[in-house]
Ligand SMILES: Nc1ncnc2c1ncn2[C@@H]1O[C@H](COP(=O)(O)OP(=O)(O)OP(=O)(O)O)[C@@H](O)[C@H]1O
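Only one chain comes next, encoded as structure tokens, the form predicted on its own.
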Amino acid sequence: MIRTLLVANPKGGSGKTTIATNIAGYLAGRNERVVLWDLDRQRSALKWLELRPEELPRIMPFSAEESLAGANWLVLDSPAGLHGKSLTRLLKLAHKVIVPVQPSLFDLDATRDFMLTLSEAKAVKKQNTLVAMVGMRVDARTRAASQLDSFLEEFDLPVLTCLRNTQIYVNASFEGSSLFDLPGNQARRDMEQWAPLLEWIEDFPSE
């Protein structure tokens, strides 16, 4: 069975591609056959794949249904403005949805409406599709972080982790790398932040 993960938030710049590419990098590093489907018009995830060195664990781009042959995981990097029938179609594909959200007024407002829409989706109501949230670019010492905490408490959904604001993701992306392709001592703090998210992703019933 192919396991499908959807990274979604209608707000552009929320961190979807950062989450999607790093999940793909992590799974590929565990010898999983991973397909990354870039649905965003900017094609940032595909550009990242084009930069990816051959010696790193391979991640396949989605080009057609044939791309999924033999794959264990499909990671969907969704477009900004996702709603309506497009959202419904992707929810039918996805086993799990990860919603990244940043601590800004505009991000919180856009995400609130999106979460209400998600909660009404048939696949989510029936728990065929599981949803969880991740805080992005969060500095715990700021007022914005406190506002994000209050916002996340509004929803009856797991908040898996909060990822700090660091250039390590930016620098890795320029090389087609993920956090999990870096030396452990270089990214240890960030890997610790990722641990709850990765545990949730991999928590599937045994086949």
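What you are looking at is a predicted structure, and each value in this text was computed from that prediction instead of being measured. Residue numbers run from 1 along the displayed sequence.
What follows is about the form predicted in complex with the ligand, which we do not show.
Though the partner is left out of this view, Gly15 does reach within 4.5 Å of the ligand in the predicted bound form, counting heavy atoms only. Contact annotation: Asp149 falls outside 4.5 Å of the ligand in the predicted bound form, judged by heavy atom distances. Not displayed here, the ligand is kept clear of Ala140 by more than 4.5 Å at the level of heavy atoms in the predicted bound form. Using a 4.5 angstroms limit between non-hydrogen atoms, Leu130 is distant from the ligand in the predicted bound form.
Contact with the ligand in the predicted bound form, judged by any heavy atom within 4.5 Å, is made by just one of Met136, Leu90, Leu118, Leu74: Met136. Partner contact region in the predicted bound form: 36-44, out of 176-184, 23-31, 36-44, 57-65, criterion any non-hydrogen atom within 4.5 Å of the ligand. The partner is not shown here, but in the predicted bound form the stretch 71-103 reaches within 4.5 angstroms of the ligand through a heavy atom at Ala80 alone.
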